[in-house]
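Coming up is one lone chain in structure tokens, specifically the form predicted alone.
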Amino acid sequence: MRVTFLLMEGITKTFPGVLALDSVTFEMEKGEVCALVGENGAGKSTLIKILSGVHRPDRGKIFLEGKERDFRSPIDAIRAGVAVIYQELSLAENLPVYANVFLGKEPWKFGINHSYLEERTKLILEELGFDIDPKIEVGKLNVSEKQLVAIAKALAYDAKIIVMDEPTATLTEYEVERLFEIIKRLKKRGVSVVFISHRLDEIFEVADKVVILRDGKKVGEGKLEDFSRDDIINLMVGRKIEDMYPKYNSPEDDVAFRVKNFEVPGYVSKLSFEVRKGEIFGVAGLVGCGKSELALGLFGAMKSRFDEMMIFGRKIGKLKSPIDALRNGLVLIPEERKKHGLVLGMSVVENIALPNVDKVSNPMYLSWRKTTNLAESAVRKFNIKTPSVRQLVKNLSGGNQQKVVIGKYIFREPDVIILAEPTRGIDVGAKVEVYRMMNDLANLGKAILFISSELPEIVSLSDRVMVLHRGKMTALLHGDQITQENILKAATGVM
């Protein structure tokens, strides 16, 4: 009788006010790559946390290699051969690569044999095709290299199953290709990989099967070759999405936002551009081109200089901090929402209140009634899925966290809105909601700066596109000029 390599049977998990998983059965074979997909809040993270021993199920059983397992902690799961590589990597950046790879698993006999660990690490890295000195500090590596260290760490723990949670979110196209090659090598070694991603094109390239969750239930499963892209989207969101990239804004001739010779020393070199009223102005470029620093500089979060900045004809004299930007009607929906956009230990209502204190208080006191009303209004307007505005933001899904960030700043009624990678790490349905919101804000006369690494959304939604290469503008595209080919040429300095 065939024994399924991994079987999670009838898994149910409830949190206060939320049924996160409802009798979900998840199974995969040895050496199989399984894509686990679903909207934010569908239950993917909860299922993985149960597999990795972070949570225990209310009901259900886990079998690995035919043997029932009871993971009471992450250590139990690791010892059984389950490793999870989260989007936010948990590495000790001040330690060398070899120390990270064997952290917690160092063979101990009269002390730690560092030379032995270096040699073992070198062999593992060679298997992954990763040519790097095991003695280099992890903090000196780039994101994709750190990810390879995390994979090497999993292999050092003799992982039988490796879960990769949004592994390509911050990688370049070349780095993604290298990661896929490594996944194929892991598969040949008999390692099973659970691949979680919102990028469906990648799923079709790397996975053997797909499991689809929606609202805590499994709604689809099978070999990937039996599904189309639209099939998966329809199952994920429970409806057919007719228009993936809705565009219905109408730019006007009036200039809403103008900058001359704007620079962020060391990152962005003297850019001059203007955004019209109601325009979605795209900003594109490869990783390291300066677009992230441009966003932070315009918001006063990085030191910047400029000869002139105008917002609806008002001259902006200084941008020494985000407070200056907020006072002048400019907001940033930041690229790293957990680091720059939210206070994770605070509730939804507290996060939404932070940049809007002037709206819910007077010189004497803060009105919690007004604050609660504001938060509840944001929850309704932006369709934030939360059991209560008192819920801690860290307990929300990624897509709903992003909606909190958007809501807290949009309620300031800004004139200029900078959206930096607003759809990173959120599901298909939430992406379409963000796109519609951009159009709606533009049609209210706002100036939208849309910064993204996702070329299809830049091409489909932008009225004009400014392309950056090494901190300089290499092209300003409009109309039929806005193609992925032209953007890539300019982004590599060819145009």
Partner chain sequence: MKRIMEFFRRNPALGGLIGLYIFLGFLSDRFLILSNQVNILRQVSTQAIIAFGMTIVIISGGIDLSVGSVFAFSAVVGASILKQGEVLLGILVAMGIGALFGSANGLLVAKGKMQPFIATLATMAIARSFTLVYTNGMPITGFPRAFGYIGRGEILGIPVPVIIMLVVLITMWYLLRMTKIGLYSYSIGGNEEATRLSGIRVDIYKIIFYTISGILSAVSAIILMARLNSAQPIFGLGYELDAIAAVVLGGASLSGGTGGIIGTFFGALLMGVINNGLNLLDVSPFYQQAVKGIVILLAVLLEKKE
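Numbering follows the first chain given and starts at 1. Because the structure is predicted, anything quoted here is derived from the model rather than measured.
There is another form of this protein, the form predicted together with its partner chain, and it is not shown here; the text below is about that form.
Asker: Please run the contact check for residue 361 against its partner chain in the predicted bound form: heavy atoms, 4.5 angstroms, yes or no?
Answerer: Contact check for residue 361: yes, within 4.5 Å of its partner chain in the predicted bound form.
Asker: Against its partner chain in the predicted bound form, would residue 366 count as a contact residue? Criterion: heavy atoms within 4.5 Å.
Answerer: Although its partner chain is absent here, residue 366 would touch it in the predicted bound form, with heavy atoms inside 4.5 Å.
Asker: Looking at the partner-bound form in the predicted bound form, is residue 341 within 4.5 Å of its partner chain by any heavy atom?
Answerer: Although its partner chain is absent here, residue 341 would touch it in the predicted bound form, with heavy atoms inside 4.5 Å.
Asker: Does any part of residue 103 reach within 4.5 Å of its partner chain in the predicted bound form? Heavy atoms only, please.
Answerer: Output for residue 103 is no: heavy atoms all beyond 4.5 Å of its partner chain.
Asker: Thinking of its partner chain in the predicted bound form, which stretch from 268-276, 120-128, 190-198, 295-303 has heavy atoms inside 4.5 Å of it?
Answerer: This holds for exactly one stretch, 295-303.
Asker: So which of 327, 314, 79, 239 reaches within 4.5 angstroms of its partner chain in the predicted bound form, heavy atom to heavy atom?
Answerer: Answer to the contact question: 327.
Asker: State the residue from 357, 143, 75, 92 whose non-hydrogen atoms include one within 4.5 Å of its partner chain in the predicted bound form.
Answerer: Of 357, 143, 75, 92, the residue with a heavy atom within 4.5 Å of its partner chain in the predicted bound form is 357.
Asker: For the stretch 407-434, return the residues whose heavy atoms include at least one within 4.5 Å of its partner chain in the predicted bound form, in the order they occur.
Answerer: Heavy-atom contacts to its partner chain in the predicted bound form: 408, 409.
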